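Next come structure tokens for two forms of one protein chain, structure 1 first, structure 2 second.
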Structure 1
């Protein structure tokens, strides 16, 4: 909508790939060097871009701070956090919290497992939509046409033989998830990792977030993990209760 801003913002993902010098930025934007310079300067003034010692540009510190603040403003996260901790303390596995936004699902909180085997995942990282249990829950709650649109636009990478193969299978899975009110990922993303997930709902019943417990095969089998389902659902429901204002939170006025 706004050419100048559009160009300036296009610089950010470009720099996210790694540092670049003025010429590279100008080329990839398709603008004159002087133009790129002025855009970078503006970004720099706002701290979004940093000029490292070799004169090349990198993403800047304020970006972290902004992301940080944005995160702290997410009510769900704040409310959910103590519950996630408690769940982790009682079962020992990795616990995730995720939300859906604009065709992406991303982790907004994570509590690490209490044993040395760690999962590779990070707060802020986009989630594999087609296989992750939390993604299934969040997508399953979208209005029908939107769900269909998303499902057909997606790629279906075969992470493992158990990955969701295509849109049809995915939509069927979402339908199932929608009805049963919980979801799993049994080795669909990484062969040896299973997840079980439950939805967190707002006052209007819409799914606002999803949480999951993940554990590798070497620690517990899929069946054993599934025995945690009631606990996961209870936790998710407790969070839903607080989030939608139904459950008064002790300690709050």
Structure 2
């Protein structure tokens, strides 16, 4: 039975490459055409493959519907939380998870620092779009015309001397973030707080969330915090893999 299931599932990635006839499927599986036909018929009955008028097979609409339903029911916070906990246990600093919804970037999860100096942030609170590292990642992933439209509508408060001053500078920063795949806020919102962040991507490669590690200068310097960037990126990659179904569940730290 397990071999039959394995063979049937092996047909799906073949058809993802494009339509294939019975002979091509049999050759790829290394089985007789009668065996391949039996497997294809079973998949066809469940709507996972479709037989075209030219007698070739392609992926069925039911497969796409199942994939869409699964994506809609995924909870990135639920998937990410164990990883955020492990990252916090490893570095000791505050860890945030944020998403972009209705023109705001919101924290949807937070793991507190083990140090007595805590950050004033809470789940459900919007972040400062023009300076927050997680906001930069989420906005940098928008199509160019959307990035520009958002940037031109924003106000640019001078939280600190390091705050982003205007739309031109913000768009330049977003392009840099988009190219390098990570972001920082080094005293842009609060002079004493630094932050490094990495993106969490879905199966299509788009950024669905962003996670960060933040700490005050009295605990670690900005340079010391930047040394955690590889760990932050590995954690984000692990969450991305689990969220998109590309990798098995495993520890990251």
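What we label the rigid core is the largest C-alpha set whose atoms superpose within 1.5 Å from one form to the other. Residue numbers count along the first chain shown, from 1. All values derive from a computational prediction rather than experimental measurement.
Between the two isolated copies of the chain, the form predicted alone corresponds to structure 2.
Once both forms are overlaid on the rigid core, the distance between the two CA positions of residue 14 between structure 1 and structure 2 is 2 angstroms or more. Residue 216 is not among the residues whose C-alpha shifts by 2 Å or more between structure 1 and structure 2 once the rigid core is aligned; its shift stays under 2 Å.
Once both forms are overlaid on the rigid core, the distance between the two CA positions of residue 48 between structure 1 and structure 2 is 2 angstroms or more. Taking the rigid core as reference, the CA displacement of residue 62 between structure 1 and structure 2 comes to 36.8 Å.
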